[in-house]
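What follows is a single chain, given as structure tokens, in the form predicted on its own.
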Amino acid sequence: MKKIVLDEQVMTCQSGESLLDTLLHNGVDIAYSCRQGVCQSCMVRSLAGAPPAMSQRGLKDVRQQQNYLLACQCYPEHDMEIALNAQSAFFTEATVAAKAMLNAETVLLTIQCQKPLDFYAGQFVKLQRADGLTRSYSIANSRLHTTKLTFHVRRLPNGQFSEWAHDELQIGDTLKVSEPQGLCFYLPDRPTQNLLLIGTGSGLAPLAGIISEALQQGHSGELHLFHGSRTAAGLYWIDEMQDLERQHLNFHYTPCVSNGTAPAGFAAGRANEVAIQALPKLKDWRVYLCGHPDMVNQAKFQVFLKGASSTDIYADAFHVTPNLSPVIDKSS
């Protein structure tokens, strides 16, 4: 057992227990998401010496030197004193520039950052309101706009952040935005590679950014987007995607409805099932999966069986926990 000190609180970390689990068991309000050391939501700082090396994997060298660590990957080897405000220095202030409804449950939120952010299309940031409540959202625009970011914020019942963003957040209000994070993004290193993008609900956000970036970069490979929802009302940007399809011969858009009869021009069935039927051979394709975790996990297996290399499968699962807004599991 190791002693963990946080401000005035003293906790005991049991053998085999991660620092994150210790904090959660003791009622500490710490942001976390993937529990795999990828999203970096649970970054904290050791105030008394270097943390275990494993807990610093994936962090920038400057953060490692300052004893930052990922709580989910930290299994204390000695007593520790930590601080939770590990990322306060890495947030910048932003102003709400616009709000518009995408459908009945999803708002398009646009913020203007004080300084440019260096991000890749498909990455996510953490948005933080004045009381410190923080949630992760994928960036929905391309790198063409480095100071203006857009997000698709879906309202969830009792979602503390999402309901606030829908009902109370106003144009001109300020919030804080973290440095971009995540590994599910577009790179222009293979412009002729075919891309398959499958999303459900607000999982369209990072895919839209990836598509926009790829087309702006002159990507010449085929791009196939399958966006799904239970009903047609759950979809959005249909006209915009259809316009994009008309403008770019290598971009193909399929809206999917899994419940009931699909309207004309829509595919009937779950987005991943429709995609697999339409594209049965995926060898050498790059695949992006975003949305409901059940879909993401099933689609990972399906596209792998159809020939996609595991190194070419990028996945974001949107997990929802009680009384919380979505958190993004950067599982690949």
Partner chain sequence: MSDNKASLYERIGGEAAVNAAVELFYRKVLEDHRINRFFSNTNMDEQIAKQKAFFTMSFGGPNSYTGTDMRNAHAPLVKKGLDNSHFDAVMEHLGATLTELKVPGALIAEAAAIAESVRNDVLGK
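For clarity, a rigid core is taken as the largest C-alpha set superposing within 1.5 Å between two forms. Everything numeric in this text was worked out from a predicted model, so none of it was measured. Positions refer to the first chain, counted from 1.
Unshown form predicted together with the partner chain; subsequent notes refer to it.
Using a 4.5 angstroms threshold between heavy atoms, Ser309 counts as touching the partner chain in the predicted complex. Contact check for Lys300: a non-hydrogen atom falls within 4.5 Å of the partner chain in the predicted complex. Taking the partner from the other structure, the partner chain in the predicted complex has no heavy atom within 4.5 Å of any heavy atom of Gln64.
Among heavy atoms of Asn26, none comes within 4.5 Å of the partner chain in the predicted complex. Cys34 is the sole member of Ile30, Ala267, Leu279, Cys34 with a non-hydrogen atom lying within 4.5 angstroms of the partner chain in the predicted complex. Relative to the partner chain in the predicted complex, residues Arg57, Leu305 and Ile313 are all within 4.5 Å by at least one heavy atom. Core-superposed comparison between the shown form and the other one: CA of Ser33 displaced by 2 Å or more. Remark: with the core as the superposition reference, the CA shift of Met54 between the shown form and the other one reaches 2 Å or more.
With the core held fixed, Ala308 shows a CA shift below 2 Å between the shown form and the other one. Put simply, Ser309 and Met54 come closer in the predicted complex: their C-alpha atoms are 3 Å or more nearer than in the form shown.
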